[in-house]
Every structure is written in C-alpha cells, then in structure tokens.
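Look below for two forms of one protein chain, each set out as structure tokens: first structure 1, then structure 2.
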Structure 1
Amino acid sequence: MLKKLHEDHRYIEALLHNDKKVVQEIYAKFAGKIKRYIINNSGSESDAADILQEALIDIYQQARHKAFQLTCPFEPFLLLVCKRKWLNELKKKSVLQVTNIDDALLTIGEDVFADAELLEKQEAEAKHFEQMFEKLGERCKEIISESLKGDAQEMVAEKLGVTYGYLRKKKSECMAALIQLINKN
C-alpha cells in the first residue's frame, strides 16, 4: 500500500541531509517538552538529552537505510518515540512510578501510533539481527561488516587479504549462515 507522506516529512529529509538549522529548530521546539516530561518521570536533564538524541539517530538511520517515511505530524510522533524510549529505560531500571504517561497522548491520532510503532519495531528487529550477527564466527563477522561499508569489493578483498572470488563466495555463505540463525531464533 502506498503511504501518503506528511508535509512534516521535511524534518526527516533535513535529518538525512544533516541540516543544522533544522536540527536547531527541532531542539528549540521540542527539547523543553521532552526535558519536562523526563524530569517529571524520575529522569534527569542528561537522560532527556540522551533520549532525544537517540530518537533522532533512530529516525535518521531508518530514513537512511530503511526508507522510513513520515505519514503524520512530526511533533506528536517525536514526543511519542521519546516517551516510549524513556518508558523502556524505566522498565530496565525497574522504576515503577511513571506518572502522567497518557497526558496529551489522548489526542494523538492512529497515524502517529502507527509511525512510532514501525520505527520501534524496525529498531528492535535490527537489534535482534545484530545480536545474531554477533554469534557468527570471527571471520564471517569480519567479512560481513567490511562488505557492508559499501567500498568496492576488490578493495574489501585486498583489505582482508583474500582473493575477490573467495570473498564473493564466503560472503554469501556467511550471509546464508546468518539468515539461518535468524530464522531459527
């Protein structure tokens, strides 16, 4: 199904192009709200800084590698992503007192939840794939991570000290091994 892009997708494009002015605009508009929310919920100012930064990195990375598209307004989307990230942190620390979690969320549309959930799902999935990748043998990890950097395969082969033919063969074997590992888990 073709998704309808929201006009606020411009924020995502700006993150993708490392547009400092728009990053400043985002911080000017939303940093205060996120700070207040996190400080009101057992966090510190530095937790708030980390959560906002992580959220923006997730959005940037998924826009870059997974063609993430925004179909809802940016503000409630970003706030929801940050809130969920903070909730996960609190769960990890087993802090139970979480107040006013649903304030201002009542007016959020389905589209906002859908976009935030997709972002969260893809992030969790990527983390899981990374964990499976870590279980591969050292040589396979090396071959896959070098190949993913996007350099010419000939250069990768030279760097790893193998022939081009060997690299091609080994890379597909390693990727197949990884996919089997993922499918089993």
Structure 2
Amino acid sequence: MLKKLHEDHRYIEALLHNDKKVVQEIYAKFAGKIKRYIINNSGSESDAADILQEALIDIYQQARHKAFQLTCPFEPFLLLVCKRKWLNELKKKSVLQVTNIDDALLTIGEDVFADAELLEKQEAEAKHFEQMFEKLGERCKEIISESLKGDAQEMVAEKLGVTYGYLRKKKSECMAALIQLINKN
C-alpha cells in the first residue's frame, strides 16, 4: 500500500532541485534544534553543522538514487536522522572500541518512518495533555506538577503545607479530572 506524500515532501524536492530559498528555510527552521541536541549530548556547534550537512546529503542521496518519498513530517524525520548520525559519531569517538558499527542506523527505512510518525503522535499527545492541564484549577496544577518531580509524596505534602492523606486524595481527584478532560476532548 502506497502512503500519501506528506506536504513536507517539498523539502525533499528542494534538496533534489537545489532550491536555495527552501534549503535556507530548512537551515533556519531546524538547525537550532539539531544544534541544541548535539551540544547537550557532548558535541559542539561545528559538530552540529557537520551532522546537519551530512544528514541532508544522506536524504538527498536517498531521494536521488532510491526515489525516497516523505510520508511523515520533515522535522521529526530530520531530527531522527541527525540523532542517529550523532550517536554513531559518539560511538566512533568513544574510548571503548566499537567492534560493529551498525550502518543500518544510517539507512532510511520503514523503521525511521514509524519512529518519525510515533514521535509526531507523541508530540501531539503531549501538546493535548498540556492544553488540558492548563484547564485545571491552580491548586490541581500545583499538586500534579509537584508530584511529578519525583520527590517522595511525604515531602511534596510538606512542601505544599498539607497532610499526606489530603495530598493523596486531592492528587487522585486532580488526576481523574485531568484524565476526564483529556478523554472528553
């Protein structure tokens, strides 16, 4: 079954036809996230620039030689390709000798599409969660936020100035209200 091309396939077309304006748009829209990811994971700005460039070349090669067609959003797809390339780089630079570098990590295949689609779905669900969370009352938002930080519930109760029993009951009520909002919308 053929999947429908995603509207972001225009980025693939731009790479194939060297459309400087759209290629500049790719850099403007996505380079910052890739740079942050790589810097936060033991890299430099130079590493980020190299990884982005290599990822775009790989995508171009796949589109040119293997008729690659984008059926998911470009951003999570590009981020995934860059992350995999960076992880491979980290393996190469690692003090531990890597005996088998898996080039399959760099191959663009159905698993990458599935990962990109899953990432898009997770991002949409997270956004929906945040929107519904904002509809809760201030006290519920405070209780849920503090509870999700990972501290012991006794410490959370003390921090909020309530008893442990009250915190458990109120947290349960707030979570039920949040779940109800999420399911309703």
Partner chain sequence: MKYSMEDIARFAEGDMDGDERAEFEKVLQADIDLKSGLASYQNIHSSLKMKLSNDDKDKDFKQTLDEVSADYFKQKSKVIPITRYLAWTSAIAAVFVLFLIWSPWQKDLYRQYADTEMIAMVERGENSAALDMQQAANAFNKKDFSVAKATLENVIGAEPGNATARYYYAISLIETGDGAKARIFFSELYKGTSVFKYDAAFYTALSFIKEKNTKSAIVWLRKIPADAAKYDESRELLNKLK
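Numbers given to residues start at 1 and step along the sequence of structure 1. Each form is matched to the other, and the largest set of C-alpha atoms that superpose within 1.5 Å is called the rigid core. The shown structure was predicted, so the numbers you read here are calculated from the model rather than taken from an experiment.
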* Asked: Do you think the form predicted alone is shown as structure 1, or as structure 2?
  -> 2
* Is there a C-alpha shift of 2 Å or more at Glu173 between structures 1 and 2 once the rigid core is superposed? -> yes
* So with the core overlaid, does the Cα of Gln131 end up 2 Å or more away between structures 1 and 2? -> yes
* Asked: Core-aligned, does Asp151 move its Cα 2 Å or more between structures 1 and 2?
  -> yes
